[in-house]
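Only one chain comes next, encoded as structure tokens, the form predicted alone.
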Amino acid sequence: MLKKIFNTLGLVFVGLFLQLTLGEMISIQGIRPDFLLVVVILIGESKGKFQGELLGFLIGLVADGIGISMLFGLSALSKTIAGFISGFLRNKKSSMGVFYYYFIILTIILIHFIILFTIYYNSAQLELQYIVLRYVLPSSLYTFVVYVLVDNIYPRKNRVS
């Protein structure tokens, strides 16, 4: 059990380190992948709904607290939801098929960024279509590519379970 806790903490710290160091370096016109969201999804899909949402909330609070997020509490909200939804995928990749599974992952990422950017830009008087095309879709696709790379490089048997 202690090993599982350390594995989870290690995964969170790697995600946080990548977000703080690599995130800005690989930014494309202000769009960067959300490594912490990838960690939340990995935790949710391996540990289930409750732990996914709990760790999503805690990771989101950390992101909010150190200034990675836009508004305090917003990252915690969106990552809690992403962790909860990804918890439904626990032990289901092999039974779903890869295409359907990745479609659901992309949907989770889209939901996360829709929540994040529509609330953040709500007072900016920007049209929803602009927010989706400028921020939500590029951020979602970039994060999805990172997730797929991690999913194929980091085997499930070595992940937190």
Partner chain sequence: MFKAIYDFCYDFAEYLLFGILILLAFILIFSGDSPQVHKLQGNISDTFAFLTFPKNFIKKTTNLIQENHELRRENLQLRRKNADLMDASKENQRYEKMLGFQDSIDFVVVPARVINYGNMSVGKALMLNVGTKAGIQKLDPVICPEGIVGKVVSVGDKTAIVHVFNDINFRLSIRFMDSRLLGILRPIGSGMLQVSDIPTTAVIHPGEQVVTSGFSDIYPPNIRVGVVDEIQHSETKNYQIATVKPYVQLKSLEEVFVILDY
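Note that this is a predicted model, so its numbers are computed, not measured. Positions refer to the first chain, counted from 1.
Below, we refer to the form predicted in complex with the partner chain, which is not included among the displayed structures.
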Are Gln19, Phe72 and Phe88 jointly within 4.5 Å of the partner chain in the predicted complex, each by at least one heavy atom?
-> yes
Find the only residue in Val132, Leu110, Ile104, Leu126 having a heavy atom within 4.5 Å of the partner chain in the predicted complex.
-> Leu126
Interface membership of Ile114, the partner chain in the predicted complex, 4.5 Å heavy atom rule = no
The partner chain contact in the predicted complex: Gly67, any heavy atom under 4.5 Å = yes
Proximity of Ala63 to the partner chain in the predicted complex, heavy atoms at 4.5 Å = yes
Is there a non-hydrogen atom of Phe50 within 4.5 angstroms of a non-hydrogen atom of the partner chain in the predicted complex?
-> yes
